[in-house]
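Here you get one chain, nothing else, as C-alpha cells; it is the form predicted alone.
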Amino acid sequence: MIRVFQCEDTLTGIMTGVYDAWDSRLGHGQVRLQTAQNMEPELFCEYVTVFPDLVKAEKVLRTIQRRMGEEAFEMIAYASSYPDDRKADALYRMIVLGLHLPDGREICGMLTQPEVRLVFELRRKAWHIAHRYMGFVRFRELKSGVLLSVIDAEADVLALIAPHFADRLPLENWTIYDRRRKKAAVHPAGKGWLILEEVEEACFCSQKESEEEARYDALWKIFHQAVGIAERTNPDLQSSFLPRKFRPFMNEFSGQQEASKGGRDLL
C-alpha cells in the first residue's frame, strides 16, 4: 500500500513532507507526496496529512545546501513556488536522488531524470514570473510613510522578489501584498524582511495615500498621456511588452480609460 503524504503548498509544507516521508522508513517506492487536497482518493493508498513544521523544513533545507549545493537549493526553492500538482513528489524524488549521489551537486545536470527535468522546468517558469514582477511592481506611499504594492501573482513569488527590493530600498518601510494568497512581504527600514500569512487586504489597502503621493501620481498620469502618440496606438504590441494582468496595480493605468482600451502606445 502506498502512503501518500498530503502537505501544504508552501516550501515549508513540502520540505516537512519530505522529512516525514524519509523518516517513515517505508522505502521511497512506497511513499508519495502531493499538495492538492482536492484530488480524488486512489485505491490501495493510505493518506497522511502533514502539518508544516519549520524545524523539520529547516533541517531538510540545510541538508540540501550542504550536500547538493546552492544551485540545487535555489532550483528547489523556485520550483516549490510554482502551482503544479506534481511538484511535491518530484521535489522529493530529486532530493532522494541527490542525497544518494557521491557528489550531490551533480543533480542539477541530470535532466534525463523525469523528476529533475520537471523541477528544472518549474524553476524556469517561477523565475520568469518573479523576474517580471521585479520590473512591474509599483509602490505608493501611504500617509504613514509606508510604501505599499499589491500584486496578484500566478506563483508564490513573494519570498523570491523580496530580497531584490530589500537590496534596492534598504532604508524604506515597504510592504508587498499578494492578494491571491493573502500574504505580505514586510520590510522595516534598515532591517530584514519577513513574510506574514493570512493577512486581509484591508489591513494595508484601507489606508489613504499621502498628499505628495497623490500629487506625483497625477503628474505621472499626465506625463503618460502626453508622451503618447494617438496615430501610433497599438494595443496588441503594447500588451506584448506590458501584459494587461499587471495594469490594475500600476498608477499610470489605474482609474484611466486607457486601462480598458490598452492605453497609449509608448513604444
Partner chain sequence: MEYRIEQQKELSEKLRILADAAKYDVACTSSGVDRSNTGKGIGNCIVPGICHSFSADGRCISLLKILFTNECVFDCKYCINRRSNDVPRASFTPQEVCDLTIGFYRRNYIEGLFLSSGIIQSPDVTMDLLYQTLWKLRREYGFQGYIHVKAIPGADAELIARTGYLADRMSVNLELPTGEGLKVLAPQKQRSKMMAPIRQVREARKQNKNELALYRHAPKFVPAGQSTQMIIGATGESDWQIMKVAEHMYQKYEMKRVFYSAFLRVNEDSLLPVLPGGPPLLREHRLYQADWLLRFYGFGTEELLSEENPDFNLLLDPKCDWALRHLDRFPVEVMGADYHTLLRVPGIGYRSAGRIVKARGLGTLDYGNLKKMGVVLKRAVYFITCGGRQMYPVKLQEDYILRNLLDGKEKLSADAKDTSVYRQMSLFDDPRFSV
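Source: prediction; values computed, not measured. Numbering follows the first chain given and starts at 1. For clarity, a rigid core is taken as the largest C-alpha set superposing within 1.5 Å between two forms.
From this point on, the text means the form predicted together with the partner chain, which you will not see here.
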property	result
Gln30, Thr49, Thr233, Gln207 - the one with a heavy atom within 4.5 Å of the partner chain in the model of the complex	Thr233
The unique member of Leu196, Leu111, Val96, Ala189 whose heavy atoms fall within 4.5 Å of the partner chain in the model of the complex	Leu111
Which of 151-159, 117-125, 76-84, 177-185 lines the interface with the partner chain in the model of the complex (heavy atom within 4.5 Å)	117-125
Close approach of Gln238 to the partner chain in the model of the complex, 4.5 Å, heavy atom	yes
Interface membership of Ala57, the partner chain in the model of the complex, 4.5 Å heavy atom rule	no
The partner chain contact at Glu213 in the model of the complex, heavy atom, 4.5 Å	yes
Contact of Val137 with the partner chain in the model of the complex (heavy atom, 4.5 Å)	yes
Within 4.5 Å of the partner chain in the model of the complex, all of Glu106, His131 and Leu171 (non-hydrogen atom)	yes
Partner contacts for 186-225, taking the partner chain in the model of the complex and a 4.5 Å heavy atom cut-off	Glu212, Glu213, Arg215, Tyr216, Asp217, Leu219, Trp220, Ile222, Phe223, His224
Residue shift check between the shown form and the other one, rigid core fit, Tyr47 Cα at least 2 Å	no
Per-residue C-alpha change between the shown form and the other one, Glu212, threshold 2 Å, rigid core fit	yes
